[in-house]
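Before any questions on how it binds or moves, here is one chain, the form predicted on its own, in structure tokens.
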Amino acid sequence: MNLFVRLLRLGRFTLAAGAALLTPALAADYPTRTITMIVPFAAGGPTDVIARIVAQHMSTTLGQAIVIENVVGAGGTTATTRAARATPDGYTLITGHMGTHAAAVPLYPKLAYHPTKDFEPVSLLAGTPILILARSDFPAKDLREFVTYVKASGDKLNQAHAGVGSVSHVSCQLLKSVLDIKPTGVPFNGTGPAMNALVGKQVDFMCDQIVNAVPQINGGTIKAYAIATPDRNASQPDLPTTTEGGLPAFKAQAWNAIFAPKGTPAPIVATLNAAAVKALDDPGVRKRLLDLGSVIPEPAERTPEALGKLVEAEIAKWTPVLRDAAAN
């Protein structure tokens, strides 16, 4: 072995050893600067809203600002790929969800990341029930009439979503499968823009997370036909469940959670988790989330380990449903 190779290998060893020695000290001091929280959709959508509510409280706990950066494209996978490739030092995080960290696996055969291999789970933030929504002048007055109408006119209707793999896309794929309909899919760079199109009557219907819909429902700018959970939601007590409305086969609830790049030191993950848990226990944060219809996870559901198991279970759940789904 020549001297150059020996020195090169020695240098690599020295750098690796030095990094290993520095990591505990850096983790103990964490954070010392601004943290970037990537949101994989446009501002104003449900993931963005939840991320901002929780991050605001977390920044107070951590003593450093958390800046939200909206990165749109490809149903959230563009942003998620970027987060997966970020330096694993706790200064780049992502608020992912059922779409980016579960449904994307079967929908994108060439996905540039894998949810279980390329991320450290930090904490589950909120469950977000799915609603069946339509423009304010949609002809059907209740869910049964909605089902009858879309079955008769499915191929003539437009269905908004936030891109292939997004929650709005995935949940309506399930609805379309249940009803055996083929409306025209209209993608947007986020659920916020998709909702704006629904309010503006540019599209006919969509499936969306309750967080994104409560203000519009209360304002009468859209119609809500049902909530796809076993029980009604306190924020919309008069909205029937899909079972009550005659469509028990359609059940869907999304979720939002914080992830860090794989290799982020365990002490940093623990610090972030503690800050997220503290936020979810804060009365002000809880009220804001509950008023939007979110389901706040129980303490046992907020651990990194519990989130990791949730991601594995969700991939297993959605893969057979979406493997052959049309990308529309």
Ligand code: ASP
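Quick caveat: nothing in here was measured; it's all calculated off a predicted structure. All residue numbers refer to positions in the sequence shown, first residue = 1.
There is also a form predicted together with aspartic acid; it is not shown, and the following applies to it.
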Check your understanding: If we take heavy atoms and a 4.5 Å cut-off, which stretch out of 161 to 169, 141 to 149, 217 to 225, 81 to 89 is in contact with aspartic acid in the predicted complex?
Key -> 161 to 169
Practice item. Let me know the one among 121, 115, 129, 192 whose heavy atoms come within 4.5 Å of aspartic acid in the predicted complex, would you? Key: 192
Practice item. Would you please decide whether residue 97 lies within 4.5 angstroms of aspartic acid in the predicted complex, comparing each non-hydrogen atom pair? Key: yes
**Study point:** Members of 32 to 47 lying within 4.5 angstroms of aspartic acid, judged by heavy atom, in the predicted complex
**Key:** 41, 45, 46, 47
